[in-house]
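Below, in structure tokens: the form predicted on its own, a single chain.
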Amino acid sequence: MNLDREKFLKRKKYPIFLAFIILTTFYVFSDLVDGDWNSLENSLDNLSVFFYESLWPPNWKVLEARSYPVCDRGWDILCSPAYIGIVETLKIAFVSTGLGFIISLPLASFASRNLYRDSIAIPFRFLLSSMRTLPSLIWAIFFVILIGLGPVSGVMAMTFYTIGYLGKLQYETIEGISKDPLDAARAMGLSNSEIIMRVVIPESANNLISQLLFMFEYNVRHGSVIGIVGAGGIGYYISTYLKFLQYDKVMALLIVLFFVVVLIDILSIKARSYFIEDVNLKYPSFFKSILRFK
């Protein structure tokens, strides 16, 4: 009876907490605009003018072959800025996500306080924090200066950020593992490295895979940003078109990027279905038709 009462009292706190968040957010936003709400008065009209005069309709010439160098492929679209940019972005995202995952998992294990004492875990947490403190755009600027323009700088920049970002998600997942299997493994005399291989990774595999797929999708989307500073990918073409005020071509590239991200999300759902056990996931008929679910 007391347990039910405690649950009831906790649930009563949720609306109070939600109201606190809403009021605080409104107050802080009001402070940011300094009480001058007139600055937002014509925002929708300005957006409408910009959208219909500069962005719409999209300029689909980005799907046509570039004038130079001469296209030597069977289809012109394979030589188009949109195709070349998105393929390079996917390559950068794939390599950086893979490298980031391989490096971040050992670091996250050392940063887990249920595996190592604080004198070891805390320094590794600081290391991971320092790597994700700088956004991938700043990392890209550093590596463009160190290495030069091109996709290699993009890979290095996104790898460093991936290690910091993914590492935090991983050590939080590891710390969420039940104590019972860890205690049992220690009672058997297993070392920390053996515990990680035999207990931690199998117990947290579903979450680790979900995080990996999420990070790949994130890196694809962020590839449009790092390319602006010369780190390769579709962002290079977006930056070029922005400089020449060709917003309609930018809009076309963003639409292409949007559909690629949606496709990656759909494939991620399919990939997760192989690793999630005892869960009856229902998919919309649209997804079923694409993924051919039985």
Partner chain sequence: MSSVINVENLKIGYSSSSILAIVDNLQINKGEIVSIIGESGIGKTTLLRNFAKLLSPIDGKLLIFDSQLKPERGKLGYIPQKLGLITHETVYFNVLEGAICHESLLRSITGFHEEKVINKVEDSIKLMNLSDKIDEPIKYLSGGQQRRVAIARTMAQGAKLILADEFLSELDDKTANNVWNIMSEYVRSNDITLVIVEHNVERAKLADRCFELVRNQDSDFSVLLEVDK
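Remember, it's a predicted structure, so these values are computed and weren't measured experimentally. Numbering follows the first chain given and starts at 1.
A second form of this protein, the form predicted in complex with the partner chain, is not displayed here; the remarks below concern that form.
Taking non-hydrogen atoms only, S191 approaches the partner chain to within 4.5 angstroms in the predicted complex. Within 4.5 Å of some heavy atom of the partner chain in the predicted complex lies at least one heavy atom of D183. Shown alone here, P202 lies within 4.5 Å of the partner chain in the predicted complex, counting heavy atoms only.
Contact between R198 and the partner chain in the predicted complex is found at the 4.5 Å heavy atom cutoff.
In short, of 117-125, 81-89, 183-191, 102-110 it is 183-191 that has heavy atoms within 4.5 Å of the partner chain in the predicted complex.
Contact annotation for 141-177: no residue has a non-hydrogen atom within 4.5 angstroms of the partner chain in the predicted complex.
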